[in-house]
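Take a look at this single chain, the form predicted alone, given in structure tokens.
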């Protein structure tokens, strides 16, 4: 696509040609429908609008230097969407239907996969929502599943450069026994006000503490938190944290590199002991964090050179991207090559 500036893409929506859809009605999923329409028609009483019966996923496709397109770990996204569906009583999308829809959406839009070494990727957004009409608070009996794609640049405009985050105890991302471990839209709506406040004050995101005691690190805005301390890869363990597929992958790569993995509660005061910290997720891969300001306690934590990504984070970032682009062997069978 000659009119797209691949090297300067932001993380925003760009129109592509096709999306694919399937509908659950009368107890079964329909065959995939291919459409060029960007619009969805639904009943005004759909549960997805009124009661938040909605979940989505995010994954990426990459073009390698060999010209082949690779989709990263889509089976794990299928499993996570199924978990989210189960958590809010939606009809789960079978893995076979999910992967077929993802592959088809990418195939139909191959011209939008950014070129190798452009720094961009094709973002894939599957979304599932209750489209059946209900007025009382109860699950829908009809659901719509859509997969669309769009080329994107880095989630954080800084790219792979350290950002500043802020801690604020004024906001909770999710309740301890709520939906924090599900990828549902309500979690993101709940984070918007805090996120906007962070941006207005020059921070990339909010570092959330646990909702119950405000003693432990929970999530780094829209991403999982991790830290490097010596030869340890440390990441919070909590029922209110979204299981990140990127974090799962980084844990495996860290083990491959000989690091010890610690998934546990991470006390706030431990920030002062970490060599490197970062946020990780599909959109950003790794976003190094150079400084965290606890605005309520008027305290700052700085990690190494706050303008330079740490050594271990850099190695993990480069390793994961090399697998995604096909520059290194996919020894864990994470990639689907089209």
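Since the structure is predicted, the reported quantities are computational estimates derived from the model, not experimental observations. Positions refer to the first chain, counted from 1.
Same protein, other form: the form predicted in complex with a small molecule, not shown, and the subject of what follows.
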| property | result |
| --- | --- |
| Residue stretch of 294-302, 37-45, 22-30, 280-288 approaching the small molecule in the predicted bound form, non-hydrogen atom distance within 4.5 Å | 280-288 |
| Partner contact for residue 162 in the predicted bound form: the small molecule, 4.5 angstroms, heavy atom | no |
| In the predicted bound form, residue 11 touching the small molecule (heavy atom, 4.5 Å) | yes |
| Close approach of residue 222 to the small molecule in the predicted bound form, 4.5 Å, heavy atom | yes |
| 4.5 Å heavy atom contact, residue 125 and the small molecule in the predicted bound form | yes |
| Candidate spot 51, 143 and 185, all three touching the small molecule in the predicted bound form (heavy atom, 4.5 Å) | no |
| The unique member of 129, 155, 233, 98 whose heavy atoms fall within 4.5 Å of the small molecule in the predicted bound form | 155 |
